[in-house]
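In structure tokens, one chain follows: the form predicted alone.
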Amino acid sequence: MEINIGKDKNLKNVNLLTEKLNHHGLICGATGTGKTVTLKVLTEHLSDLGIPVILSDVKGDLANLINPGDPEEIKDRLDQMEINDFEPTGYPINLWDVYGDEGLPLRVSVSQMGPLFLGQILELNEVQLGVLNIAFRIADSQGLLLLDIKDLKSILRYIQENRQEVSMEFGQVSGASIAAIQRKLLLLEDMGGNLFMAEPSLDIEDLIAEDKSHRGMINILSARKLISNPRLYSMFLLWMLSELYESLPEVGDQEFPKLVFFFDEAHLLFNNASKALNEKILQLVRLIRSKGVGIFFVSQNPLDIPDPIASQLGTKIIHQLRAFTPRELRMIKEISQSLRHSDDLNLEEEIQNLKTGQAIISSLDASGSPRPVEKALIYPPRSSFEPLTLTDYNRVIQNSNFYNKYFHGVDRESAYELLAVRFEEEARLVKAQEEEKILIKEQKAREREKNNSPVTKMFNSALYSFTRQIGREIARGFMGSFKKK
């Protein structure tokens, strides 16, 4: 099956094979060169084919996919491409937002996030990550659910108060490591972590759905606020990919992908990423395509994508790249050398001279081999360019099939509540012991005071004299009996 994404200079369709979209892709280009339009056109085609999509919306300009477009706004493009059958169309969307402002609250429990991803978000070192793993192990062994941040803070307090016993079982646990994790949890709360690390947790299967017309649902993750915390943004989307991989069955290459994930501002995923994290991303990219999931990275600079991952991308859509420095010139040379050249295109020249809406397209043929690149003018989207109002956002959220499932948070009995009972009982026991010590101390003090009073001293002195006198008389009588004999 083919997706017609644009037309070449001869008005011939330039297409992508749907069975190769799970081989991943790249959409790149300088600001204002047409990346968002390309993203929308691909999304519309996928939805029409019944393929669900996940979009991270960094600029807030994708939710308008729900509304039909205005042909007058794109009349020049339609005339240029000789399109006579343009039909404005709105598409089915679900809005999600970690902060709950522009979409259904997108939550994930602490246990679902797991120690590895959480450790990356908190930027823990190896020792601190070890302590976090111990916290999860203890919670599991004692049946303590870790659902939100206060649960995790409670289990860390438990470890702190029982460090000797914990260290004997799991190895040395330092108070400094626990304190460091606790401080970083406070920072995570300040970023809004207490909002998304909660329940009800996202059921990843809810992202793979169709509407009543069997069009694929377009899941738009509002990231306008989330993007201000780049590490949180990248870790959360990476967690979603990991969950998709864990949840979906192996399907291999099919005519249609099961889901396509567009990761905007892709450089945030790789900037300052540790070696272990980069290896995790590469593993996911390599393996998740066997689950029928395609990943498209969207970035201004194609070199934002590390080489081991870039080599896994079967589709490349390159809008104009600008070169003002030697480094940028080398970038264009490198990206052009990575493509299969076409005889009539000088790629280094073309990439710098593309007009807005034009792109160099490299894709795979049926055998999986790269096709020669093509220069195309991208089709206009059939949906609107007008941004949604706050009223529009609220209407979409309230009309969602998942409104009742996700809108209201829940707070089940978990580690925080169960450990609070233990801490309270321990506090009562300590208080009772302290009170008993005070009573004993007071009793001893009263006894000392009584023994030191004048009357007591006089009585004790008289009693002492009396007992001594009695003793002497008994002794004389006893000795006298010996003498008489």
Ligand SMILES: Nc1ncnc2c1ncn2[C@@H]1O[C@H](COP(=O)(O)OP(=O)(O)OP(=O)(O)O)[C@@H](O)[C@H]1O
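A residue's number is simply how far along the shown sequence it sits, counting from 1. Predicted, not measured: the structure shown is a model, and the values here were computed from it.
Only in words, not in the display: the form predicted together with the named molecule, which the text now covers.
Asks: Taking a heavy atom within 4.5 Å as contact, would all three of Ala30, Thr36 and Arg77 count as contacting the named molecule in the predicted bound form?
Replies: Every residue of the spot touches the named molecule in the predicted bound form.
Asks: Counting any non-hydrogen atom inside 4.5 Å, which residue from Phe256, Phe385, Phe402, Phe270 sits next to the named molecule in the predicted bound form?
Replies: Comparing distances to the named molecule in the predicted bound form, the residue within 4.5 Å is Phe385.
Asks: Which residue, Arg428, Arg422, Lys437, Lys59, is the contact with the named molecule in the predicted bound form, using a 4.5 Å heavy atom cutoff?
Replies: Partner contact (heavy atom, 4.5 Å) among the options: Lys59.
Asks: Select, from the options 220-228, 373-381, 124-132, 402-410, the stretch whose residues sit within 4.5 angstroms of the named molecule in the predicted bound form by heavy atom distance.
Replies: Residues of 373-381 come within 4.5 Å of the partner.
Asks: Answer for Thr389 alone: is it within 4.5 Å of the named molecule in the predicted bound form, judged on heavy atom distances?
Replies: Because no heavy atom of Thr389 falls inside 4.5 Å of the named molecule in the predicted bound form, the answer is no.
Asks: So, in the predicted bound form, is Pro200 in contact with the named molecule at a 4.5 angstroms heavy atom limit?
Replies: Pro200: no contact with the named molecule in the predicted bound form.
Asks: For Thr356, is any heavy atom within 4.5 Å of the named molecule in the predicted bound form, or not?
Replies: Contact check for Thr356: yes, within 4.5 Å of the named molecule in the predicted bound form.
Asks: Give a yes/no on whether Ser242 approaches the named molecule to within 4.5 Å in the predicted bound form, heavy atoms considered.
Replies: Contact with the named molecule, no.
Asks: What residues of 183-210, in sequence order, lie within 4.5 Å of the named molecule in the predicted bound form by heavy atom?
Replies: Contacts from 183-210: none.
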